[in-house]
Structure formats: C-alpha cells, structure tokens
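Just one chain is shown here, as structure tokens, and it is the form predicted on its own.
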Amino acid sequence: MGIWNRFSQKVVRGWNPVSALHETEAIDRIFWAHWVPTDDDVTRESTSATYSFYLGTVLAVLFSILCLTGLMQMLHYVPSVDRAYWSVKDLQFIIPFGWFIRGLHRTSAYLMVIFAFLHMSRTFYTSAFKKGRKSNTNGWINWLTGILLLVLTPAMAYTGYILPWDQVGYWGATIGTNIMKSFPVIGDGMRQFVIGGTELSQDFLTRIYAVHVVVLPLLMTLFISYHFWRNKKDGGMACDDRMQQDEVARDRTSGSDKSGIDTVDTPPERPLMFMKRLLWVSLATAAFAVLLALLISFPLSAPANPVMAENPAKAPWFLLWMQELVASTTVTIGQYRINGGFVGGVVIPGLLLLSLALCPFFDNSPPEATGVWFHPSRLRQNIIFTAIALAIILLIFFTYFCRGPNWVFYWPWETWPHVH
C-alpha cells in the first residue's frame, strides 16, 4: 500500500500549488503536469494552426488508431508461414468488419509515414530544433528523438507490410534483407541473424511479428511520450522563444528590464481553447482515416511463393526511393562492380539521416529565425532541404509508375507487358 501511495503521489496526485514557487516545484515532480498546458505554456501563436498545423497531435492520434486496430487483428492473425496468409484472408472476407479493421490499420500506417515527414519538415522550416524558451534547455535532444521516430515509423509500416505473407510482402522482405546483406564484412552475418537462417521461413516471420507487435510499439510509445514531455519541459513551441526575445528587446529599447520574467501575455482561457482545438484535430484525424479506409481497398496478392518472384518486385511505396537508388548505383566497370545495395541502401540514406541529426549543431542562423517560417537567413538551408525532399518524392513516383517488368522504364501511360 505504501508503494502505491508514493506512486500515485508522484504520478496522479499532488497538483495543488498555493504559490508560483509551489507550482514550479509541482510541475517538476508530477509526470502528467508536463502534458497539461498552463497559462505560461500556451500563447496565441503556438495555438495557431498556421504555425504547427497540429501535426504532432495528428501523429499521436494515428498511432493510437494503429495500436487499437493492431490489437483487434492480433485476435485473428496466425504468425505461421502456412496460415498467415489465410488468416489475413479470413479477416478480409469472412470476419465481420474485418476488412474495415485491416483497411483502417494500413491507412493509418501510411498516413503516419506521410505526417511524420511533414512534421519533420515543419520543424526544419521553422528552425524549431534550435532551442526552447526556458533557460538551460536541450531542444536538440527532442530533434534527435524526432529523427529516431522518423526512422521507427516506416520500420513499423515495413514490418507490417510483410506479415500477410503474400507475394508482395515476401518479395518486399527479400529486397530489404538483400540490402542488409550488402554491408561490408558483417552483411551476411546480419542477414542470417535477422532471418534466422539462410532463407525467409518461419523463423523470419516469427521475428518480424515479435518486432512489429512488441518491440517497435514499445519503442514508439517510449519516445513519443518523451517527445511530448521534452517539448513542454523546454518551453513549448519555438515561436514562443522568438516572442519572448522580441519582448525583451522592446523592453531594453524602452529602458525597462524584465529579465527572468515570462513576458508572454496569456489570457486564462487560452489553455482551455488549446485543449478544445486538440480535441477537434483528434476527431478530424480519426474521421479522415476512417473515410480513407472506407474508400480505399488493399487487396491481397497471391500467397508467398519463394520460387516465382514478382516482376517487378518492389518495396513498399515509402521505400521505393531507396530501391531506385540501389538499382541506379549498381554499376559494373570492367572487372569492378559497385555495390548498389550498400551505396543506395545504406550510405546515401545514412548520410541524409546524419545531416538531419547534425542540423542543431551546425545551424548558425540568428535567434530571430527561431520559430519563423522560411526566415531569410536560412534560405540556403531551406533550398537544400527542399531539393532533397522533392528528389525523394520524385524517385518514389518514378519507381512506382515507370519501373515495369525487368525494371525497364515505361511511361506512365504505357501498358506493361505480361511477364511471368
């Protein structure tokens, strides 16, 4: 009983401050208080949809939908190479509303990949990764946490893409494990460790299932929780940091000194308005995901056949840019052959992630750029980021629509020949 009292005091109770000092101490002690906006945390600009577009809230709602629909599918899915495909087919055609649960799950997964990219882009364009509003903050830690979540999100979608064990998922897994094999020296060992042998079989499906339903959701929950907590701990939106700087500059110009005082004027009703907007955004996100699940179907391919490959065999759409890089960088010059799997599947994506992770340490834009969309001082960084993002998007569309059988180029309006 004593342990429970201490736990509830730390996590649930204890929010009864009698002064500003007690309120600060309570916020530092109580976990849930880091999630609840207070008068000092919510400002007019931070609640504006034109600044953040509430993309973090959208992602949190989509992840909740994924967890709920995933639990429903776990009741019927059988992680066996002999029964996985047929259990998913039963879910699609026999179990009442099973098609809707599966469609909502996959729709939410794809939407989460898209909105994770948009959320990262918003943070970059507003240079919100630089720092927070309060002193001694570590905004770069939250940026790195976001980069990690940006990797975990497509990893969840990719592992779920494999689980139906149809032709599309099986050969998508083959592409991924072959890229893993391209690592110098340790590639073969890594691939054998992941798939549990030398070929994709029951051991591989069991491991992918465990990673998809246990490992990745736990990691996502942990880092999403920390991401929200860190954001509030560091002072909320980066636009608040700029507002405080502007206010301090005006005070110094007028001759007054309010250093150390939060100068953001926040009406008492604004936190409540902020929570109402979060509720509406959550409902709109859920409604949009449900609508797409009703309009878009995700048909199963044929059962997995290790002998007869898909032609063309393609990775999931969000990884097609990597597959195109792998194919384009596989070059033979005389007796030498450049390993495209390593260059296009490891080196280039790794350098892109590393450059994103190092942004807070090498961005030398002025403090006035923090929290501002497309600040003129960051023109070069924004152009480079936009060019890379557009290149990735174009590679996805090109590979999806223009790569036909035997990886031959076809115009989108041309009909692909039927090739066994």
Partner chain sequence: MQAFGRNQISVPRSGRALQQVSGFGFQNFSKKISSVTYVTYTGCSVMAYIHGKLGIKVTTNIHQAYRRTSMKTIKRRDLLKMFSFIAVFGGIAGGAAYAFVKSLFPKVLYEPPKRFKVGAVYDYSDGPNFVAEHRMFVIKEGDKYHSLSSICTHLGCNVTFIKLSEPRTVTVRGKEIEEKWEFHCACHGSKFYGDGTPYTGPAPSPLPAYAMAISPDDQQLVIDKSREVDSNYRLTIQV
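What you see is a predicted model, and the numbers here were worked out from it, not measured in a lab. Positions refer to the first chain, counted from 1.
Although not depicted, the form predicted in complex with its partner chain is the subject of the following passage.
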Counting only non-hydrogen atoms, choose the one of 216-224, 103-111, 322-330, 280-288 that falls within 4.5 Å of its partner chain in the predicted bound form.
322-330
Work out which of Asn339, Ser87, Thr206, Ser301 lies within 4.5 Å of its partner chain in the predicted bound form, going by heavy atoms.
Asn339
Which residue, Gln73, Asn311, Ser121, Gln167, has a heavy atom that falls within 4.5 Å of its partner chain in the predicted bound form?
Asn311
In the predicted bound form, Glu199 touching its partner chain (heavy atom, 4.5 Å)
yes
So in the predicted bound form, does any heavy atom of Thr126 sit within 4.5 Å of its partner chain?
no
Is Gln92 close enough to touch its partner chain in the predicted bound form, meaning at least one heavy atom pair within 4.5 Å?
no
Answer with yes or no whether Val307 is in contact with its partner chain in the predicted bound form, where contact means some heavy atom within 4.5 Å.
yes
Report yes if all three of Thr174, Asn178 and Trp407 come within 4.5 Å of its partner chain in the predicted bound form by some heavy atom, otherwise no.
yes
Inter-Cα distance between Thr332 and Val408 in the predicted bound form, nearer or further [3 Å or more]:
farther
Do Arg403 and Gly334 move together or apart in the predicted bound form, judged by C-alpha distance changing 3 Å or more?
farther
